[in-house]
Ligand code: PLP
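One chain is shown next in structure tokens, namely the form predicted alone.
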Amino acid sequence: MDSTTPPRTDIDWASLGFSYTPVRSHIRYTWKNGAWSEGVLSGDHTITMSIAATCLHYGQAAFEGLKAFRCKDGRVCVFRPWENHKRMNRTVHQLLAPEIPEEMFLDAVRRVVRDNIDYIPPYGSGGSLYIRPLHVGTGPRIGVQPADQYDFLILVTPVGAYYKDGLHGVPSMIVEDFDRAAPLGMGQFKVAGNYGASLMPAKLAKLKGFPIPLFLDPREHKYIDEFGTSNFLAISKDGRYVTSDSASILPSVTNMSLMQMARDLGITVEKRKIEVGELADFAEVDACGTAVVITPISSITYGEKVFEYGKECGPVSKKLYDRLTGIQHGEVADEHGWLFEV
């Protein structure tokens, strides 16, 4: 298949949500005896590994998330895969697992996207092809130590527009009884265990009517860290872009991109520690990440205090959202060279 292959006609693109749909194939590489294999496209949507695999016992599991889009001019492009490659290598280095050459990572993305290109939603649908690279220790170990074999896989699946009827705000609450990561732990790396730690506080927050939990820094519980699955950003009442700087949060490619969009628009960007009391100084607050780009936050509850930000996406946040998604879909000039054409 090539980039001109049209979308499938047997999928109701308008009804797609953010969930897993089996496609034609995934791609899989194996590292053994100091080298990576050539990579194989497979139509089997299961994997087999030892029951003593280190990813199951000792947390040697890293992953990434990025997207491919059908652009206005007919091209199919992936958004900033180089940054996901760098972030994955930072993570696997910390896990004492073998790093992935950039050329191999990009070729894997290209091969699996092209093989499933008819599963990419049509331009104008708001959908995209979600790309999930996965790096896991598959060699068997009973003692706590790195594996002697690893698998690098990339699965893809079509996803629809996260917001079917516009960017509407959702309430959040600050979680006080849980930490997402340890002060000097793995919070800045995209390891599976970080998300396991967020499941219980996220469930408890939802039971109280808050879809998104917000975590404080794990050392002092004094500063804003990040939301359960997304970075924190805010627009101050005097128009500055403010986002958290912490060693225990994941550096977001989306947040990095939005910060550049803000600078392009002449907005002052501040990446720094944010005290909880500053929540009263913000006009707009958002969660940002690959899945949604921006999730407007209508309010943040902290104990008895409630900080209100409005039920719709704020004007500055909407401008940043439109500009970034415009680049992704080829509607706005890609001045920074962020699109990787497949």
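As the structure is a computational prediction, the values presented were derived from the model and not from experiment. From 1 onward, residues are counted along the sequence shown.
What comes next is about the form predicted in complex with this ligand, which does not appear here.
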Exercise. Would you mind picking the one in 160, 169, 228, 218 that has a heavy atom within 4.5 Å of this ligand in the predicted bound form?
Key: 228
Practice problem: Choose from 220-228, 204-212, 70-78, 134-142 the stretch whose residues reach within 4.5 Å of this ligand in the predicted bound form, heavy atoms counted. | Solution: 220-228
Exercise. Spell out, yes or no, whether the shortest heavy atom distance between residue 82 and this ligand in the predicted bound form is within 4.5 Å.
Key: no
Practice problem: Please run the contact check for residue 285 against this ligand in the predicted bound form: heavy atoms, 4.5 angstroms, yes or no? | Solution: no
Quiz prompt | Residue contact check: residue 178 to this ligand in the predicted bound form, 4.5 Å heavy atom | solution = no
Quiz item: Counting only non-hydrogen atoms and a 4.5 angstroms cut-off, does residue 254 reach this ligand in the predicted bound form?
Solution: yes
Quiz item: What residues in 175-195 sit within 4.5 Å of this ligand in the predicted bound form, counting heavy atoms only?
Solution: 180, 190, 195
